[in-house]
Each structure stands twice: as C-alpha cells, then as structure tokens.
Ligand SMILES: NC(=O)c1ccc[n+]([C@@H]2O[C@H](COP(=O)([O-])OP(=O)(O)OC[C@H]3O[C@@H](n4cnc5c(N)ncnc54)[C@H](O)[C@@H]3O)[C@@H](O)[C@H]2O)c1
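As structure tokens, one chain now follows by itself in the form predicted on its own.
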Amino acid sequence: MEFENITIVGLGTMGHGIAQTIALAGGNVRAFDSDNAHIDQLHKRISDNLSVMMEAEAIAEVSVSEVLDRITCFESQAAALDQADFVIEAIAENLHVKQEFFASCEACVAPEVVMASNTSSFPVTAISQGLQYPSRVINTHWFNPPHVIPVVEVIPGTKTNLDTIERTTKFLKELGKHPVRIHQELPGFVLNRLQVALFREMLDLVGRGVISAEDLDIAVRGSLGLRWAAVGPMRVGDFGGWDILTKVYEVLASEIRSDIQLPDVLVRMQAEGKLGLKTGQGFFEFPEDDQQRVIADKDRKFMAWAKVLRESYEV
C-alpha cells in the first residue's frame, strides 16, 4: 500500500469504521482514543460490522481475527503516532481542539508524514495554521458509516502540496474508496452544502404540511434518489435537457425557500427533544429495544446500494 502504518486518533462514530476499512484492505492500523470505552469496544464493533457485511455479501468472506490483528490500540497518543506514515484525525468537531492535535502530532512524526483530518466543517487551512509543514496536511472527509459509503471528499488547504494530494488519493483508492477532489475550500465542502440545501426545502415542505415525512421519503427514494444513485444528478440534467430545466428553474427559483432561518418544524422538534434515533423520536419513532435492529437494517440497505454502485463504477 501507499502507506505502511496508518495512525487513527479518535475511534468513535467515524474512527472505528475508518480503522476497519484500512485493516480490511490490508493496512496496519495504530489506534488511540482518549476515551477508554472507545478502545475497549473497538474490536467488538468492528467484528460485528464485518459479520453484518459478510452476511449482506457486501464484502467477500474474510478472517475476522486476521483483520483485527492488523489493528493495535495504544495507551497514549504519542505511542500510536510513533512509526506512522499517514495520520487520520477523527476527534471532536472543534477547531481549537483539532489545531492543538495537529500541533502535537507534528512534533511526533517525521516531516514527510501525511496528516489528514476528517473534519466535516472546518477548512484544513485553518486547522493547519501555525504548523511548520502545512503542505502535508489535507482533509479526507468520510461519510457515515465510513466502512460502507464509497465516496470520500478530498479537500486540500491553500498550502497543501500536489504530492500530498496525489498520495492521499492513491491511498483511498487502494482502500476501495472513490475519492472526489474538491478544488476550493468552501464551508460544508460540496456534499454537505447539497444536503443542507435539500433539507431546507424538505423541512419547509413537511413543516407546512405539504407532504408528510413518510411520503417525502417514499417520493425521494422512488424518484430523485433512484435516478441520482443510478447515473448522478448532472447526467439526469443532461438526459432531461437543460432547456427544459432552465424553464423549470425560472418558474421555481423564487418559490423555493432561500432564507437563513431554521425551519419552524426543526425549531419545534429541538425544543421538544425530538432529535431522531439518539432520543428515540424524530419524524419517526425508534423504541430503544428496537434501535439496534433499525441500525443494522439501515446499514444493510446502504451496503446493497454501495455494492450496486461499486459494480457500476467498474463497468
């Protein structure tokens, strides 16, 4: 592989799935988390994930013990960073905390070691501010669950050099991922910007009673979602004809919600503590004794679609 020893710091929601992906591809993972519970749970979480993935035929049959043997947990961050060729940070989404981590990381690793953040919001230029070697810092924005979703956004900072970009992209491809290069540092990068734009309109429509949350999911899954997953939205536009879409755009652009206020329905749900799965209630109900089944079912559906997409990429 492009990198022999990969250190991952932060083993929570994203970190454990990233560690699994790398180990599954044959990489050596050196792992650390300041929360001992995450370290204690790491191997079991990955073992459970692998079992579900093999059952869903999302991956070929593998030896779980061999995959886990390639992941070593360390008692200190410095020990995990020792001998690292590539570092992935998946810690708290706090700019100051990330800046402190990269400063301490730089003091522990050789100048040629690539240091990647998994931030979903901060520009890597800000994260690497004040570092001696900001040219080797880059953002690899994985999506949850990282061991299932194929795409990883690759966002260099203003001082990231071409060698770092190319080596990181090659590495992600070796992991079986589909890296997409983002050429400008914009808040939210690309996919989060699209997601927020869609959520703004969807929440407004549901909040105004235009459509129920359940019917909206059905509608998107059976139309836009299906078409976009099959060929991508820009090709859908090509197939439909941009002359027609121009007219639709001109009619609807002034009608679509475009302010910066939180939709009333979202404000109300927050006040009522209806935050989704984590609280057992969002637009849908998630009884505590059924949550693990719901999560596993969701992941199986993701895996099925990821498998189809992977095959389409290879054609």
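These figures come from a predicted structure and were not determined experimentally. When you see a residue number, it is the position in the sequence shown, counting from 1.
The discussion below concerns the form predicted in complex with the named molecule, not included here.
Identify, from the list T119, S128, T168, T160, the residue with a heavy atom within 4.5 Å of the named molecule in the model of the complex. The residue from T119, S128, T168, T160 that makes the contact is T119.
Which of I155, A90, V114, L81 has a heavy atom within 4.5 Å of the named molecule in the model of the complex? Residue within 4.5 Å of the partner: A90.
Choose from 246-254, 66-74, 266-274, 35-43 the stretch whose residues reach within 4.5 Å of the named molecule in the model of the complex, heavy atoms counted. Correct option: 35-43.
Is the gap between F86 and the named molecule in the model of the complex 4.5 Å or less for some heavy atom pair? Output for F86 is no: heavy atoms all beyond 4.5 Å of the named molecule.
Exercise. Would N144 show up as a contact with the named molecule in the model of the complex if we use heavy atoms at 4.5 Å?
Worked result: Judged by the heavy-atom cut-off of 4.5 Å, N144 is in contact with the named molecule in the model of the complex.
(request) Consider K98 of the chain shown here, and say whether it contacts the named molecule in the model of the complex, taking contact as heavy atoms within 4.5 Å. (result) Yes, K98 is a contact residue.
Q) Should I22 be counted as a contact of the named molecule in the model of the complex, where contact means heavy atoms within 4.5 Å? A) Judged by the heavy-atom cut-off of 4.5 Å, I22 is well away from the named molecule in the model of the complex.
| said: Where, within 7-35, is there a heavy atom within 4.5 Å of the named molecule in the model of the complex? Residue list please. | reply: Heavy-atom contacts to the named molecule in the model of the complex: V9, G10, L11, G12, T13, M14, G15, F32, D33, S34, D35.
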